[in-house]
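In the block that follows, a single chain appears as structure tokens, in the form predicted alone.
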């Protein structure tokens, strides 16, 4: 294991900038506000109360505490449903006003990154339609998927610098009866979890001080428009994003480093479609095995749909070839909810994960057999017609 203290020195830091005026990139806040003054769009302001954090070049980014409109992930809902339900469950437990919209569309970034069959105006119009839908409700958009998050940040940059694209998108939105709305900040759900970590820790009921964890920072979070990601000098000397690490440390977890932290999870969009064996091999050999050999973690935590899916569900192939696998994978929202006492199956839906996480639950003192029996009792009632579905009241603690 490589100790954190030996890795980075603030004096040699490439990311930390004491004076934001010296940052090597433009401040999108200034341009977004100026375009509003010019009548190009309406800026959807972050509602109060908000928590201020610092992005890569020490500029202030505001994260809303509540009045949040949750832009869900198609991959989470389809492959890791406990990912999204954990976010909603945390909001409920903290008593925060939030909205789960029924009129949200997919961001269509799969089209953008994987197949390149769309065009800039169509992609931007989808993003702006969703932002307009959020604005109409009075709730502020929180993006669950890092792919959507990265794509929307790139869309913002394109709209900022391309007046013709703004004209095309406005024309499309006019046909939908919607205005061009640009959020003051584009916020990822894991940034909200990061901002709320102290409140989460206040409600922590599961002792996690004996855990060792590794993290995988999502490429679409910190590599696309990287200056918008959250950094902090106390987390890796601001050389890496503060997301996930700060949460785990607040929960008392030993966060361990490994040499391939910067590598993709293996998902990579196009090659998960056209060369899946490469994706699985990369996830196992460049990520999972390196973590296990260098850091010996109990759990791997990430914060993106594709990352959690690939790192979790690629391990079955490695197991078939006697590779060094068997590392359970969860999202930061799932782990945070688990720390607060969320049910491992009713809320976190860990039975959707393919890598065995039962030993991990046992280490935390959680009786997974009892929890599974409780979950089955509810599903039996649904199957028999005694109830229609699992309710939030079934999941409250």
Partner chain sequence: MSAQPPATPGRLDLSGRQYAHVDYDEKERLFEEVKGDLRFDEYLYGCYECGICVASCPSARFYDFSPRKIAQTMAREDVDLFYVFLNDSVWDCSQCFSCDVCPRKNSPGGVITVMREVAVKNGLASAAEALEGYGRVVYKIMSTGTQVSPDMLSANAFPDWGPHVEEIAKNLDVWRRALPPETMHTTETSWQVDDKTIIELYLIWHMTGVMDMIKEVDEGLFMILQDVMEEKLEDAGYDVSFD
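Source: prediction; values computed, not measured. Numbering follows the first chain given and starts at 1.
The same protein also has a form predicted together with the partner chain, omitted here; what follows describes it.
Looking at residue 58, you'd find every heavy atom of it more than 4.5 angstroms from the partner chain in the predicted bound form. Under a 4.5 angstroms non-hydrogen atom cutoff, the partner chain in the predicted bound form lacks residue 91 among its neighbouring residues. Residue contact with the partner chain in the predicted bound form: residue 85 places a heavy atom within 4.5 Å of it. The shortest heavy atom separation between residue 375 and the partner chain in the predicted bound form is within 4.5 Å. The partner is not drawn, yet in the predicted bound form one stretch among 247 to 255, 294 to 302, 200 to 208, 308 to 316 has residues with heavy atoms inside 4.5 Å of the partner chain: 308 to 316.
For the options 229, 143, 215, 125, the residue carrying a heavy atom within 4.5 angstroms of the partner chain in the predicted bound form is 125. 224 is the sole member of 196, 224, 181, 290 with a non-hydrogen atom lying within 4.5 angstroms of the partner chain in the predicted bound form. Residues 346, 349, 351, 352, 353, 354 are the members of 333 to 359 with a non-hydrogen atom no more than 4.5 angstroms from the partner chain in the predicted bound form.
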